[in-house]
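Next up: just one chain, as structure tokens, the form predicted on its own.
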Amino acid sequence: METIVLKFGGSSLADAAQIRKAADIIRSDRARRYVVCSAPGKRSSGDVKVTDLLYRCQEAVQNGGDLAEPLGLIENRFAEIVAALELDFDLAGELEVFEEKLRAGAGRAYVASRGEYLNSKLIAAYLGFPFVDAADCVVFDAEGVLDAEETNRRLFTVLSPMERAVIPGFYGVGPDGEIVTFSRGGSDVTGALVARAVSASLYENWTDVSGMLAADPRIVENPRRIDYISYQELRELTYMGFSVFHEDAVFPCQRAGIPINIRNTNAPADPGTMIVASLPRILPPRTITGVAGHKGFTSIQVEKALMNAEIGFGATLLQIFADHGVSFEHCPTGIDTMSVICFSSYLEGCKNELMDDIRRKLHPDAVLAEEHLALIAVVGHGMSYSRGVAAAIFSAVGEAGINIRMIDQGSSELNIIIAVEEKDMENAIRAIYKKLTERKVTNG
């Protein structure tokens, strides 16, 4: 039997009307067997997510504030769903357990996870599906790192005998039995883990947009929808700020070769975006798949004559960063220069000491820090066979009057990354997108 795993985001499950839409989608195809749920999201722009109300409950207990107010808002939110869906559900009992654990000092992860837990229980009751607690299947180690193989084993053991099930996203359990959560948006990861465990033919990720766009619509007016994107392209773009899909959710599906379909709960007929191992040959040629940018980087530039002849120079430089607990993002080099680009936040409190270590251990001619940089990634498999892409990028930025501070290209020719000043990022993205989408593909 074909198996589809579905994950619904918070906006898709924000109230009873949205849950009914999700249920109609699930019931429209018998292959849709396993459902991963988020906590209820915002019902309108001025609304509050249930997860944020849960955090307010914990803050009230810790600070001696009024717990009744945020807890009452949570109760009302779920009570409206129970009443509208005409469910026989012991909401009072569930909230009583939550309050008892909250007052007993429950951790932040447990508190945050209750939105997914309660919403999934309600949706399982509405669908008539068994409920499977993620705490029984999703496993983290003592450092809070996902144990992917043990998780896969447990999910397979629990789910394989079940024809259908609902599983909460976002959380699992540590070796001490305490709840551990992924970062926000982590329900995407849970869905991918379930898809891998049950050998799904497709992982559908239902949200409030009809797929991924080739650029941020807050920056570029009416960017085109991406119909197909590879796992590799997605990783590059999500790293630079594409927020539709959690970047860590790619790995379980990529390992198992499971395609991912980003769909819109409010427009289920739209095809959305397919995330696949390799792009179909029937697609029309395109130069790029997407353009994305991210602010908040610093470049540490090291200059030394005959650096290239000094064995171990680069290794020593990167070890200095490691000794200070700073990971790097890019490392462009010249014959007598080497730059290490990292998130500015990683350098807080240690930048001066790190630079002093570089001077003491490597005796450079100069060490400079350039702050307030933004990185822009231009991504696409088509770049490797299309002539003049780099020239088009540089001319677009130059014509916009923007200075490029760094250029880096991966060995796969999948992407070109440039650094510009933060204030120029949006204009640079607009200029690059316009130039490359108007450009005809010329095979190399």
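Sequential numbering from 1, following the sequence displayed. Fair warning: this is a prediction, and the values are worked out from it, not measured in the lab.
The form predicted together with aspartic acid is left out here; the points below concern that form.
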{"query": "Partner-facing stretch of 312-320, 184-192, 227-235, 152-160, counted where any non-hydrogen atom is within 4.5 angstroms of aspartic acid in the predicted complex", "finding": "184-192"}
{"query": "F170: touches aspartic acid in the predicted complex, heavy atom cutoff 4.5 angstroms", "finding": "yes"}
{"query": "4.5 angstroms heavy atom contact with aspartic acid in the predicted complex for V389", "finding": "no"}
{"query": "In the predicted complex, N415 touching aspartic acid (heavy atom, 4.5 Å)", "finding": "no"}
{"query": "Close approach of V379 to aspartic acid in the predicted complex, 4.5 Å, heavy atom", "finding": "no"}
{"query": "One residue of R56, R33, R405, K49 in contact with aspartic acid, assessed in the predicted complex (non-hydrogen atom, 4.5 angstroms)", "finding": "K49"}
{"query": "Heavy atom within 4.5 Å of aspartic acid in the predicted complex - qualifying residues of 111-138", "finding": "E116"}
